[in-house]
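Shown next as structure tokens: one chain only, the form predicted alone.
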Amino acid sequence: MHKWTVNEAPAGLKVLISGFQSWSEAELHPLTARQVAPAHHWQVEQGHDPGFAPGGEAGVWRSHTVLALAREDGSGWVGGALDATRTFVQWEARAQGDHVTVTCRLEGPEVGVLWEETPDVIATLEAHAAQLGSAMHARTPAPLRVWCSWYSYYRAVTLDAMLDNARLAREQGLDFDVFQLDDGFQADLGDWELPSAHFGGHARDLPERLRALGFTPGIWLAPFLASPTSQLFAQHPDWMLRGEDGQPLPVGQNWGGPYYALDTTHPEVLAWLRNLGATVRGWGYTYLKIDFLYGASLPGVRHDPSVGRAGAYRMGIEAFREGAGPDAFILGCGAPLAQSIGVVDAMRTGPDVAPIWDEESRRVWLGDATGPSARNALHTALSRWYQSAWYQPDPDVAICRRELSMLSTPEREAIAGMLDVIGGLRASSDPIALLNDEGLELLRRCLKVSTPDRPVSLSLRGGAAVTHFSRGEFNLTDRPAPDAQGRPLAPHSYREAQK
């Protein structure tokens, strides 16, 4: 373990952290505040790292891969990892009287870490992130513009619905590159080659028709998961990550119950993952969204006990990449972030957007801000701006429709502002037929690719996140907040900077 002492009063410092995986909170708080701990174990499994979870103690902050302490003038300290391929780099800052104790624990092979004082926390954090991306051979292809079925149809998606939206997008002249089929086409979680009863065909029936309309075909998979009702689970129970009792280990709650994760140290599992990647490529899909990837990294009993959690995760995503091929575009989601560098092309950098601003009951009463909501997505994605050096960031979809949505106009504009600031992928999931002229105009703006923006300050805060950028400012709180010029910024809103 590495340990440093920062001889500075904790009350004058803010702490910037990044959580374990895509949905885990990234935050900017006073160091003396309390990092919230989720109330239930399943929330820790599904949104955090059970091996290094938030502790819920005032003045103690845990972060993965990077950590920063910032003074009001922008100076401070930055910690970072020199490699994260098969190692979890776990930081903790602890306020103690008139000083701060910073520790860094490595879970996995020994790697170098950096901790340095700097006059410019923002620039130093960006430089460290770029250094890590370069060392791990980050893939950062051109960002794509994607329509996905999830927030339109959820698991009720059909083959006809995909084609109807693709035709309407072409008629409207919308600049999508990819049309991505999401969850719901398959018979069960793990049974990817068997169609669901309602889909109206097979996933392999879609790519040729999408290409005829001028779109790249995309598909969603959760390659490391298996439902207890799936044929995969029934035929290969020995492939599952196990608990100390020798039984398959549940790794979350979704799809109406618990689900299990494949043991990615098992040679037969790795062969199956390679085959899955090759199979969907054979169907004609070149854009592959792989989700719920954290399952391969959770604590458990593995086929090969000599492989650590980070190494097991990396073995799994490398096997899938080998099967899909070097030219496939892979978007990771629900994934350990830094450990994915060099394998994925893009990465979700926050929780799901949703057509609501805030799921306050889960966030406040259950201590979990990893669930779907516009507020959670902005909060975390904005605080990971520097990760554009690791992959193309995916801050999730714009919500441009008024129907089937509880978002106000300022809230929809705030999501659009996030997409502009973060750069990276541009995505939408609105049913095209529901968009009126105003919605179509907003969508066209959201599909304009931009370069990643930079924060101008970590002391100006419109919420417990990084909110003030060179191109605009966000207020993520429920009350007016001042912008950089002292003018009031409305709640749940974004304002472009004056040209």
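A residue's number is simply how far along the shown sequence it sits, counting from 1. Quick caveat: nothing in here was measured; it's all calculated off a predicted structure.
Unshown form predicted in complex with a small molecule; subsequent notes refer to it.
This chain is drawn without the small molecule; in the model of the complex, the residue among 279, 231, 254, 103 with a heavy atom within 4.5 Å of it is 254. Contact annotation: of the candidates 420, 263, 345, 291, the single residue with a non-hydrogen atom within 4.5 angstroms of the small molecule in the model of the complex is 291. The candidate spot formed by 46, 151 and 372 lies fully in contact with the small molecule in the model of the complex, as each residue has a heavy atom within 4.5 Å of it.
In the model of the complex, residue 23 approaches the small molecule with a heavy atom inside 4.5 Å. For residue 204, no non-hydrogen atom is located within 4.5 Å of the small molecule in the model of the complex, even though that partner is not displayed. Heavy atoms of residue 188 never reach within 4.5 Å of the small molecule in the model of the complex, leaving it off the interface. The small molecule in the model of the complex comes within 4.5 Å of a heavy atom belonging to residue 182. Heavy atoms within 4.5 Å of the small molecule in the model of the complex are found in exactly one of 91-99, 298-306, 126-134, 151-159, that being 151-159.
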